[in-house]
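First, one chain by itself in structure tokens, the form predicted on its own.
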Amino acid sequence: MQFAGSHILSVTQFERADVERIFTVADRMEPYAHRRRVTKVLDGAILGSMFFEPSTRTRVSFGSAFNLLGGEVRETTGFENSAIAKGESLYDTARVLSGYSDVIAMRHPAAGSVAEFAAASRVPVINGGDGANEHPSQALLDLYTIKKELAGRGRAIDGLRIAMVGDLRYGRTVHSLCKLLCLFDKVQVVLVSPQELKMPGEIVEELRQAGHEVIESDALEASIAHVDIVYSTRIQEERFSSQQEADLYRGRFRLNQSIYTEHCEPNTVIMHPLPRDSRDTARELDDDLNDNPNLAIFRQTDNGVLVRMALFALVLDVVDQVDRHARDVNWYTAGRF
């Protein structure tokens, strides 16, 4: 695809070469994300950060990525802090705020809303999650993490064995990740969920049409026995009609160190898009996994900054200028990574 000036709304925009291009640029961002170098390539540029749904990692990660490229961030969080609460349309909001920004990162609870906003925007828009639909930058950072974790074992994404566990019906992160995996070869995907929270049928069919082996199951232990990655998700309680309905499924698939040791291969990587639900009734990833070297959840969050820096650099067409606007840092950074 032509990245410069483009919206990033769905992983379906990408060919395999596009994903590999993003990852190559993300690799080049490491000195800046790890605070060994400073670049001001986006000095004077403004990111409009518009998050109409609760977010910590995605919102702060987008902002940090833009800051690390030298740009500034202007935030809108929650409907109550925007003119949308007064009845303003997405069209009008997009026309106004795109006049104040050079690029916009947006999250909204309604599926398709970010694309609707982007259609009226005068600057590129990056989808930070639209309801239960998609989360393209999360899927990219997840796949980038998988690539890096497997590379340390002499493996590639082709031939991957992955188990996705939990709320697969409403989990937009796994929806987008499955669509990205369709660009690769000979992947085995084990989908572990309650019957009521199964992966949408059209996504399962996409995986099979891509030539992948797909297994659907509601048995955790047997499903994680022979995979490279266990990708766990929380119950998306905000998508349910009531707290009581969400509670029916919370804590159904818990992974702890004992289950991991008994059922997983020794180097199985554990991933989660976060936040993990650490309440006693949930604990999809128990705290006793924190010292497990194969727990990659915090490496995922670090990789999110790299991938989002790459997206900004590509969309604003500054990839080849980053190093020319760089210098060494002048503060203490040892031991950060």
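Start at 1 and count along the sequence shown; that's the residue number. If you're wondering where the values come from, they're calculated on a predicted model, not measured in any experiment.
Same protein, other form: the form predicted together with N-carbamoyl-L-aspartate, not shown, and the subject of what follows.
Original post:
Residues in which of 289-297, 27-35, 50-58, 64-72 have heavy atoms within 4.5 Å of N-carbamoyl-L-aspartate in the predicted bound form?
Top reply: Result for this chain: 50-58.
Subject >> Heavy atom of each of His7, Gly112 and Ser121 within 4.5 Å of N-carbamoyl-L-aspartate in the predicted bound form >> reply: No, the candidate spot makes no contact with N-carbamoyl-L-aspartate.
Original post:
Here the chain is shown alone; which of Lys198, His263, Arg234, Arg155 has a heavy atom within 4.5 Å of N-carbamoyl-L-aspartate in the predicted bound form?
Top reply: The option sitting close enough to the partner is Arg234.
Original post:
Which of Ala282, Ile270, Leu274, Ala45 has a heavy atom within 4.5 Å of N-carbamoyl-L-aspartate in the predicted bound form?
Top reply: By the 4.5 Å criterion, the partner-contacting residue is Leu274.
Original post:
Though only this chain appears here, would Thr145 touch N-carbamoyl-L-aspartate in the predicted bound form if you measure heavy atom gaps against 4.5 Å?
Top reply: Contact check for Thr145: no, nothing within 4.5 Å of N-carbamoyl-L-aspartate in the predicted bound form.
Subject >> Proximity of His108 to N-carbamoyl-L-aspartate in the predicted bound form, heavy atoms at 4.5 Å >> reply: The answer is no: His108 has no heavy atom within 4.5 Å of N-carbamoyl-L-aspartate.
Subject >> Arg172, heavy atom within 4.5 angstroms of N-carbamoyl-L-aspartate in the predicted bound form >> reply: Arg172: contacts N-carbamoyl-L-aspartate in the predicted bound form.
Original post:
According to a 4.5 angstroms non-hydrogen atom cut-off, is Asn127 in contact with N-carbamoyl-L-aspartate in the predicted bound form?
Top reply: Judged by the heavy-atom cut-off of 4.5 Å, Asn127 is well away from N-carbamoyl-L-aspartate in the predicted bound form.
Original post:
Is any part of 107-144 within 4.5 angstroms of N-carbamoyl-L-aspartate in the predicted bound form by a non-hydrogen atom, and which residues would that be?
Top reply: Result: Arg107, His135, Gln138.
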